[in-house]
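Have a look below at one chain only, the form predicted on its own, in structure tokens format.
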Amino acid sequence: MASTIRVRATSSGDTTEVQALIQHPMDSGFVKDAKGELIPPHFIQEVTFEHDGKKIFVADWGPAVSKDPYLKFAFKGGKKGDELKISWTDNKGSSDQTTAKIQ
């Protein structure tokens, strides 16, 4: 199965900028389908980025985050060629993870 996570990490000086796009429906549980029935909640609860074995960014999300969320942040200490580990888990127990090299 292909990863649901697309990541770009670029290093400039001592700062690394990370951009990620995660494919996920992020259903809130408040929207109705075509038959008028509520679509059950299905959303990412936690996103984690690790560098050199340490968590550098953790986000606790809920049903208010939009479909296919995009996030962007920067951190100090990453170098070109280093790897980032990215993972997420949702409220139904699904998860995905990938790694990306810093460019």
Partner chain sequence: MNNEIDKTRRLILQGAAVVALAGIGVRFGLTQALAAAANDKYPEEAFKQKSGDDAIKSLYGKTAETSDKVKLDAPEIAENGAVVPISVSSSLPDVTSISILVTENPFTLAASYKIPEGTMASVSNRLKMAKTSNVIAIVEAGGKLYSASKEVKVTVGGCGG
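Source: prediction; values computed, not measured. Positions refer to the first chain, counted from 1.
Heads up, the form predicted together with its partner chain isn't pictured, but that's what we're talking about next.
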4.5 Å heavy atom contact, residue 94 and its partner chain in the predicted complex
no
Should residue 46 be classed as touching its partner chain in the predicted complex when contacts are defined as heavy atoms within 4.5 Å?
yes
Check whether residue 37 has any heavy atom within 4.5 Å of a heavy atom of its partner chain in the predicted complex, and answer yes or no.
no
Give a yes or no for residue 52: in the predicted complex, does one of its heavy atoms lie within 4.5 Å of a heavy atom belonging to its partner chain?
no
Its partner chain in the predicted complex - contacting residues of 74-96, heavy atom within 4.5 Å
74, 75, 76
